[in-house]
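What follows is a single chain, given as structure tokens, in the form predicted alone.
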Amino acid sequence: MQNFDLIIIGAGRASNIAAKAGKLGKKVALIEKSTLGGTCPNRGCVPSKLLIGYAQKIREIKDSKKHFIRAIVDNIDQEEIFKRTNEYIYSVEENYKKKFNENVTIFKGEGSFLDDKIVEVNNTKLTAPKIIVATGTRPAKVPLENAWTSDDIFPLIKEIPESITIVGGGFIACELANFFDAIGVETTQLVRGDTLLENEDEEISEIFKEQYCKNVNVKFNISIKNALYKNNSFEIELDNDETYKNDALLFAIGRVSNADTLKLENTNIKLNEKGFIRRDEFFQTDVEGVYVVGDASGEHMLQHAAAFEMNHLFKMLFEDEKEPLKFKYMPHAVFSHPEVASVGLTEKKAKEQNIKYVTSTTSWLASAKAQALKIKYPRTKFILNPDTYEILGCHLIGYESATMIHQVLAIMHLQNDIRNLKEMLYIHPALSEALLPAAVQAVKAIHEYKESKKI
């Protein structure tokens, strides 16, 4: 039995806890079954955004006719795009190793529990008074042999397909389909329902669908009836009896918990109804001294949330932090074409929760910088409390939405009142100035609502 001060199962964002604890002189065991860094830098956020950078530039060139420029994409070096992205992925492991001092012992293998405080990896038993479970999630199992998930394409496949079918209508499907289509791979996206990004506000989702489908061939209300893989390609039959061939088939149909790999039946650690590890407000599981953070809890399955949680847990364990972490707001973005960013309630959620609210949707075209983009669809939508002027939700669609929304987030975190956004001084004519008329219109909508209630 090897004794440690801290055991961490999962070397994604929790690697930072291992590194910092090691620098404090704590003896740390860090267990990782795959590559150090976890999903985000190896198979998720980072490599996918590197790819999207290429897609974005290609889209801009193809759209240059809006600026009275005749331009063509003469050549897309797909192999070089894949090579450069893979170079980054292959560098992740060594860069993470550099974080750790001699107090951190890395175990490469799958860790599981023998009892509440004993973990086994590679037939070696480890124990510690504090154990952190940060095992994240994995893509839902594909229903067809030889089909891919996002995990299967990173590092990027060596044989670049000439055609691909992507199943799913969420953000992973829309980001990957946008990339493959942009670089010249014949792309078909299959969606079971009639919407894309169904978790976004419906108004924003509809605008996204209209614009996105101008580039990507999306088939709605459809599923695969059968798919046969032979001669290095798929013969796909849809449930409307349409058939076609594609070189590759990728499923992006959600992610599931990795808790089933931990042998929690040997412990008193419990799962919730969705199969994720149950925890209290201090990240602690049903076993004292065993904590769960990040996607493994199933609560906020976003990298920025995981990083925040890891930082707070470190303070709790080693800096005498007594207060639980309470996220005031949880923003997210979809880095496709167009780009979407969101925080807080959608209008649908506000209705479902029977919350009194007012909405206001405003074009960006009052901004000269927005006009210079030569696109008309960008919108800002606010969901507002008419009594307090509180921003309940904000939803953006348009160029650099993920950057733009941070201005709204700052207001929400400091003093959540839409009038503060209205009274700000904006650089004219910066793109973020588009938020000024949106805030003015939002305040006006609240005033009109209050006047209507006086009648």
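Since the structure is predicted, the reported quantities are computational estimates derived from the model, not experimental observations. Residues carry their position along the shown sequence, with the first being 1.
If you look for the form predicted together with a small molecule, you will not find it shown, but the lines that follow are about it.
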Can you tell me which of 240-248, 179-187, 311-319, 256-264 lies within 4.5 Å of the small molecule in the predicted bound form, counting heavy atoms only?
256-264
Check for me: heavy atom within 4.5 Å of the small molecule in the predicted bound form, for each of Glu210, Ser360 and Ile405, yes or no.
no
Single option in Thr346, Ser205, Asn86, Gln303 placed near the small molecule in the predicted bound form, where near means a heavy atom within 4.5 Å:
Gln303
Determine whether any heavy atom of Gly393 comes within 4.5 Å of a heavy atom of the small molecule in the predicted bound form, and answer yes or no.
no
Is there a heavy atom of Ile61 lying 4.5 Å or less from a heavy atom of the small molecule in the predicted bound form?
no
Find out whether any non-hydrogen atom of Pro129 is located within 4.5 angstroms of the small molecule in the predicted bound form, and reply yes or no.
no
May I ask you to state whether Asp295 is within 4.5 Å of the small molecule in the predicted bound form, using heavy atom distances?
yes
